[in-house]
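Next up is one chain by itself, shown in structure tokens, the form predicted alone.
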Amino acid sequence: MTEALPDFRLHRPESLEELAALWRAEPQARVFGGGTDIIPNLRRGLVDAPALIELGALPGFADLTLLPDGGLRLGAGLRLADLASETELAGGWRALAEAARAVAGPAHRNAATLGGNLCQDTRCLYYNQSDWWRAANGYCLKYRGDTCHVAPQGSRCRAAFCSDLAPALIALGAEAELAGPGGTRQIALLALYRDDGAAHLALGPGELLVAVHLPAFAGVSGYEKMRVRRGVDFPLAGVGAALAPVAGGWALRVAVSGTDSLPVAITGLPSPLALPLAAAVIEQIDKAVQKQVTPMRSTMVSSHYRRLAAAALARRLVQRLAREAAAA
């Protein structure tokens, strides 16, 4: 049965100043781009929001700009369908286009935005249910309860962060541009996230993700995803990777989403890499991913399976990129 939306006030500011004034007047308001995440959560009673602020009218919010240094500035309001087909992303930044194409189905991609995908709520088998189902289980630590059913002895929420774009952008060295009451600032995209499923974004009060900056990139990149249903599902594991030429070989960056409460940037990878990749190097990458991701029982698929899947995706993706780099 479809649940009715609760009553709320809708605002559509046309400047960051107007947005700031709205937030001061309605501090409990929630912002959104395409609404593909927040609207279902409103229907399920997962969001208490007397007002919603739609960001589509902000100037430049959906712009893609080629920067003088060869990098890109991607407005947070860019639609995923546009990112999936953007010709600027056909070269070294291809991981982002592949990740955008992997999100849900065409109707979702036509509405969903870059910023929304990066700031989406975390997900869990015990959280993303109807209100009556959650009430029958005493709710949970993330909302209205005091126990994380995934890890009952723990003190924090273990819901998983399932953005497809985040691992691709982190592998490409992206930075987040944030705007708030204190002005604008740029941080590494990975620093936008905290390891807490109930409070996973490191945004200050009244702060908003307005753009993502990609540095110039001369290598190859890609994205791989594992999900139950190919056309609609969030990643049970999603892997972004990038190979960049450096002195003596190639530098590798790998990031994983869908397993933890924040995207995981894999550390300790061999560098520089020589092509073709030796079997021992592939095995080292596999072990690094398995050791550093910590999937929990937050989906219908077992934690161990998701760990192995993340490692297998990373191994397959890095091998593909190595072949492309060698051919180029």
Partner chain sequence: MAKMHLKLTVNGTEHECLAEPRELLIHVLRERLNLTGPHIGCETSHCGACTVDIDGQSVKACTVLAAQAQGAAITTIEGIAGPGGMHSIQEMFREHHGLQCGFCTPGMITRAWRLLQENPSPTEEEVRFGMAGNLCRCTGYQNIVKAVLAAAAELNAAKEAAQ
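A quick note: this is a predicted structure, and the numbers were derived from the prediction, not measured. Numbering follows the first chain given and starts at 1.
Beyond the structure shown, there is the form predicted together with the partner chain, which is absent from this document and is the topic of what follows.
Checked against the partner chain in the predicted complex, the residues I39, L64, L67, A278 give one hit for a heavy atom within 4.5 Å, which is I39.
Only one listed stretch (108-116, 172-180, 217-225, 201-209) carries heavy atoms within 4.5 Å of the partner chain in the predicted complex, and that stretch is 108-116. For the marked spot (P6, R101 and V232), a heavy atom within 4.5 Å of the partner chain in the predicted complex is present in each of the three residues. For A25, no non-hydrogen atom is located within 4.5 Å of the partner chain in the predicted complex, even though that partner is not displayed. In the predicted complex, the partner chain sits beyond 4.5 Å of every heavy atom of D48. Shown alone here, G60 lies farther than 4.5 Å from the partner chain in the predicted complex, counting heavy atoms only. Within 4.5 Å of some heavy atom of the partner chain in the predicted complex lies at least one heavy atom of G35.
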